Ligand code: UDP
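The chain below stands alone, shown as structure tokens; this is the form predicted alone.
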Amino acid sequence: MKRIEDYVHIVGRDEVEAIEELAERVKGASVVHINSTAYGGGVAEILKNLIPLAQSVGLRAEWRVMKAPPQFFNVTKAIHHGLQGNMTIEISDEMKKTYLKVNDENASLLEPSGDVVVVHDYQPLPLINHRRGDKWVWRCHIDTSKPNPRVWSFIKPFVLKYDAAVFSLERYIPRDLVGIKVFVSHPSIDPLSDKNKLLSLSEVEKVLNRFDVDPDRPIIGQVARFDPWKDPLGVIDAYRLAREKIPELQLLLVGSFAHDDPEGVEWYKKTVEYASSMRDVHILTNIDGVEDLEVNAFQRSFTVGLQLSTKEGFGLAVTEALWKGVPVVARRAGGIPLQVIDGETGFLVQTAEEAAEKIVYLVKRPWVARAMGENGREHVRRNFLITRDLKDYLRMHIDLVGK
């Protein structure tokens, strides 16, 4: 259970009252959210926290997860790569058949209906073929600014059947998307969740000791799925270069396996092999017992957070690190530049060499790192907390079904 009142000490009484006023206009409305996985990745993270908070202000909100075999997720991973700009992707007729068949089956399993139905990302997108009245919204969480035209032409007809679409950034809206309402809403984190709540120094050190990480030596790290777009090998390159100047440096690569990501295991193995000859590289996953609380402790231990993604929908791991007062060195991808204000909350870089240079700069100047971390925490408080996300959803619901 969550209560909106619990956020007063973080966002202020005025903000909470504004949310409650908006909620009055859609109180009692039924809202169903549908996605493809209950764990792993930013979408599940958002829904896990947003749904109970929406319930606390009077919405009858639910979260349903589709069921699908591995071959379905092989297809949707190809769609993912195509939508994010991989121009070599081809979706065969057999792949399309699998994609549509699994969605037809899930229409019977999930029975999606409500005053508002919010479908997240491309996996359950064709469920719109089975709508029963109501208002349907497609929430796209990835970078669709330059999609593979063949992949986009395949999914666009489904998108156009929705009443509205929501994108994380304005530039992600495909130029030929017309005829439906379009909203822009940045993703968010819950400051009171296990992944983001305040931890004591002893709690952090207890987790570090459990995974043989030395709390008395500087630690840098990236939290992300094992995925080619996240560039874990580039992170290791940056660490290797930075370690030449700071021999005591440690690296944490922390990720999780989600059942809708068939490439995760393959890229995990590549990452482990790439780092096999290096000391003080810790590659940890949910299989090792790393859950939300452990991720929280790891991020709080970082001297510098990293996010060297080449493509990024928004980058909630950046938000999480900044909230914990950690400066972030990251590539200029997706929503990262909205969060990493170059020279203020961290540094934006293009190469592993530049990343290494900024890592060394911050580790050797802890007073600069602290100041940037404080700037980052305030930046997140003002812009990227779940209370603001809830306001955006309430405004959208008011637009669609409000009193």
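The numbering used is simple: start at 1 and walk along the sequence shown. Because the structure is a prediction, the values reported are computed rather than measured.
Below: the form predicted together with uridine-5'-diphosphate, not depicted.
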Open item on the list: Please pick out the stretch from 53-61, 365-373, 345-353, 34-42 that is in contact with uridine-5'-diphosphate in the model of the complex, where contact means heavy atoms within 4.5 Å.
Closed with: 34-42
- [ ] Using a 4.5 Å heavy atom cut-off, state whether Arg139 contacts uridine-5'-diphosphate in the model of the complex.
- [x] no
Open item on the list: Under a 4.5 Å heavy atom criterion, is Val254 part of the interface with uridine-5'-diphosphate in the model of the complex?
Closed with: yes
Task: Touches uridine-5'-diphosphate in the model of the complex: Gly305 (any heavy atom, 4.5 Å) - done: no
Task: 4.5 angstroms heavy atom contact with uridine-5'-diphosphate in the model of the complex for Gly315 - done: yes
Open item on the list: Within 4.5 Å, heavy atoms only, which of Ala330, Ile220, Val223, Val118 is in contact with uridine-5'-diphosphate in the model of the complex?
Closed with: Val223
Open item on the list: Within 4.5 Å, heavy atoms only, which of Val281, Val102, Leu127, Val295 is in contact with uridine-5'-diphosphate in the model of the complex?
Closed with: Val295
- [ ] Quick one: name the residues from 183-203 with any non-hydrogen atom within 4.5 angstroms of uridine-5'-diphosphate in the model of the complex.
- [x] Lys195
